[in-house]
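Below you'll find only one chain, the form predicted alone, shown as structure tokens.
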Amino acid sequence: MLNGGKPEFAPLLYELYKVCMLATNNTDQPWQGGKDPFGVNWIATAEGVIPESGKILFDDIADWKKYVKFPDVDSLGIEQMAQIELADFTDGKRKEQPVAVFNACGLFERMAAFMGFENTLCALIEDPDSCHEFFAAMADYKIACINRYIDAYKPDVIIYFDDLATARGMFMSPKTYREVIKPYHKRIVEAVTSRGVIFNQHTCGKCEDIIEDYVEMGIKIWDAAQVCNDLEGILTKYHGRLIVEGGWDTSGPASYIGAPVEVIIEETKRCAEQYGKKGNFILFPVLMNEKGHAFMTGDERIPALIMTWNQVNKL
């Protein structure tokens, strides 16, 4: 799939990876809430963790060096987290299932966690020089952590999270992304791919304006690809260069809390028909329940989804 070959079937994310997410819990954001290593307090919600509302470390990016103290990577317990998560993952299992390690809170999200979205968006326009300094230093930290991930987990895939878009479009113009964020984003991608690990970029929202940039940098998988983008066009244009992971209508009835199994099955079939046959697609269903995302919490509707997908995903 990575090189444009025809797979026997389109994979389902729920079955595809051995997902590891404890290291980023220590280095970036705690999944259950609490303070991260920079002192930002995160609040756990059913939809995920978010920085505590109304609490920012600073409101002027020119002041970031006064407030941002980088943690000692040696103190973050990355190797211990890998030992816990891979304790029962034998060499035999590695041959059957790729290891994917999460790296949450990318460069843009980290700035927003420190100073809020409004201040961050103003900073990108009003003080790009300070933003360059901040992103360069933060990229150094991310790369140091990711190198330790690779040493400890020996992963096949790093899934790097940075949500740069809303459902209507980018948070910033593509020009601003390319001038202020992309140079440091590119360094992170190169740090991963230079070690022979696949770079999976998680970006929700309508980000199709920078997919060409993603491909140019060496990103091989785009995760949580949502239907507000021209997914069929992207699948066709970048076949052999980019795998689209997502496809689920996350704003539609199949993602409503308590959606009936029949609706889940219909959405599963739609994804197979519309995207699966392209050959460079991984289905990432987004089922929500009272506890949160089914991928994290489990859900009694998942077996029906898996059974349906395995009936319609052959190529």
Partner chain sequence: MAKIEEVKAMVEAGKAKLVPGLVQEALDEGSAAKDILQAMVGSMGVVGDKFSTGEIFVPEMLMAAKAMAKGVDVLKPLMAGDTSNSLGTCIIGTVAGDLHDIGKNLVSMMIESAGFTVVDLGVDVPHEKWVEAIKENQNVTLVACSGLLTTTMPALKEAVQTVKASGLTGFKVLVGGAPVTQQFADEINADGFAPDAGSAAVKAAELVKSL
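Everything numeric here is computed off the predicted structure, so don't read it as measured data. Residue numbers count along the first chain shown, from 1.
Although not depicted, the form predicted together with the partner chain is the subject of the following passage.
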Exercise for the section: Select, from the options 254 to 262, 26 to 34, 61 to 69, 272 to 280, the stretch whose residues sit within 4.5 angstroms of the partner chain in the model of the complex by heavy atom distance. Expected result: 254 to 262
Problem - in the model of the complex, the residue from Cys122, Ala137, Ile143, Val215 that sits within 4.5 Å of the partner chain by heavy atoms - result: Cys122
Problem - in the model of the complex, the one of Asp74, Asp230, Glu96, Glu118 near the partner chain [non-hydrogen atom within 4.5 angstroms] - result: Glu118
Problem - Touches the partner chain in the model of the complex: Leu86 (any heavy atom, 4.5 Å) - result: no
Exercise for the section: Report yes if any heavy atom of Ile198 sits within 4.5 Å of a heavy atom of the partner chain in the model of the complex; otherwise report no. Expected result: no
Exercise for the section: Report whether the minimum heavy atom distance between Thr45 and the partner chain in the model of the complex is within 4.5 Å. Expected result: yes
Problem - 4.5 Å heavy atom contact, Ser173 and the partner chain in the model of the complex - result: yes
Exercise for the section: Verify the flagged residues Ile50, Ser53 and Arg168 against the partner chain in the model of the complex: is each one within 4.5 Å by a non-hydrogen atom? Expected result: yes
Completion exercise
Across 181 to 219, the residues having a non-hydrogen atom within 4.5 Å of the partner chain in the model of the complex turn out to be none
